[in-house]
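Form predicted on its own, single chain, as structure tokens, below.
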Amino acid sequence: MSTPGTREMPVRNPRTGQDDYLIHPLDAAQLAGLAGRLRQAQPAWAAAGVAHRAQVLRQWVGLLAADPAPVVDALSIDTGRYRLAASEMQSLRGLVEGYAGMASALLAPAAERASVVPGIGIDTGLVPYQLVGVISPWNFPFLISMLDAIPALMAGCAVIVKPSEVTPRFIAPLMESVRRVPELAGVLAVIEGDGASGAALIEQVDIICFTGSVATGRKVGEACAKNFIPSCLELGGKDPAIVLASADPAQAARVVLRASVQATGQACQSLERVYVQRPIYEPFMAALTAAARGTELNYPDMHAGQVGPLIFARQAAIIEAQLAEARARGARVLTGGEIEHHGGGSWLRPTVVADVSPDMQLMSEETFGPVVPVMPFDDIDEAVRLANDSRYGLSAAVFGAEAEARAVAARLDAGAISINDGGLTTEAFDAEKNSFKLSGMGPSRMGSSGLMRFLRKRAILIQRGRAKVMEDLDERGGRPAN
């Protein structure tokens, strides 16, 4: 258990715009002390075995499931949405069970094998990193923290998680639940902190998992390289959707809207630019604008409507600037388009934009809001070129007849492509994928790789033949035969 730091930081409520909560980031000395305590407990945790670690994690999941309200309520205050906050919590059991099943097979001792070099046997073992650092973002504070923490714990590591200072309220009730499972409390800490805390964390751990912006991810990667520790970076995206003429335009429009504005568009895998084949462009746009106009803000009742507030206050200014530039260059805003202020919070209704061009910021820079810019295209080569014309390569979507859509997907420079849907990586945690371009670096956080990235291989080499001695190095025996 860590002692709160003496420094205070206010936390803004996105629904009211008021600073109504305080966090106390640990200072460097406190963080070092915490890291030391977790390192002391880690060897026993690793030695306990997969089955025991799974049992402890299941015990914790059971406690949270029996009383989820403290964590869910805290998440809903910070994010301004209830249903997604509850779904973040509900995902925990699946993560634990999924990685428990994987770990049983992946971490099973390997049989000794013979080397290609005669007389040498190879016995390979897996060694967990002792202490993992996780720096998670503000849009899905609990879920993304656990996407890294759970497989690391299952692998036998100790873990320190530092969520964003923008959405930290869940930390206190979460750590209260962790303390009720003392063995887990010995190897897991979720701490309050800001950017300085994240920088200090890098100095204390053996590997870092970071989710966030490209700019900050670059700093994290450079700091890790300086410390000679690996980094797993999942960064920004500008995910394209290609809607082929073979798609049902009305159905594709409904799904594109959901995949663009779910979580108020504040998700890395949100669809942020849409390319529609010209024969169905008009019916697609008609269906899209009608569906967008039919959505509601979840204000004043958090338990009604589909669109929540903008969590991070500065994001509203970024969205406004992108929309202003697009309008000035001839784009037409068909729905939404204006930041609204209700109860002190900032809101944006789903914003459909037509007559956009590839060089607009709205089509090239990450927006992270409920904005759907749409362009028509004539042929597949053009669509692929437009979709790939980006410095990002996180994920993408293709809508149309499956065979045709899959052929297009195979040409896209992105780590995960959803067919006839969007953002399926949020549902299929067992699908391994890498982030392309500036969208990330390092092993996949999904599937078996999500677990194996926290383990190093150690080889025991056994000489069963004749070991070389000094006489074997005698230069007089090294002359090649004629």
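Given the structure is predicted, the values throughout are model-derived calculations rather than measurements. Numbering starts at 1 and follows the sequence shown.
Keep in mind that the form predicted together with a small molecule is missing from the display, and what follows is about it.
| query | Looking in the predicted complex, any heavy atom of residue 138 within 4.5 Å of the small molecule? | reply | Yes, residue 138 sits close enough to the small molecule in the predicted complex that at least one of its heavy atoms falls within 4.5 Å.
| So, in the predicted complex, is residue 346 in contact with the small molecule at a 4.5 angstroms heavy atom limit? | No, no contact at 4.5 Å.
| task | Verify the contact flag for residue 370: yes if a non-hydrogen atom of it lies within 4.5 Å of a non-hydrogen atom of the small molecule in the predicted complex, no if not. | result | Output for residue 370 is no: heavy atoms all beyond 4.5 Å of the small molecule.
| task | Please check if residue 288 has a heavy atom lying within 4.5 Å of any heavy atom of the small molecule in the predicted complex. | result | Answer no; every heavy atom of residue 288 is more than 4.5 Å from the small molecule in the predicted complex.
| Pick from 259, 150, 144, 311: which has a non-hydrogen atom within 4.5 Å of the small molecule in the predicted complex? | None of the other options qualify; the answer is 144.
| Among 80, 212, 400, 336, which has at least one heavy atom within 4.5 Å of the small molecule in the predicted complex? | Checked against the cut-off, the match is 212.
| Since the chain is shown here on its own, which stretch among 175-183, 128-136, 355-363, 71-79 would lie within 4.5 Å of the small molecule in the predicted complex, judged by heavy atoms? | Of the options, only 128-136 has residues within 4.5 Å of the partner.
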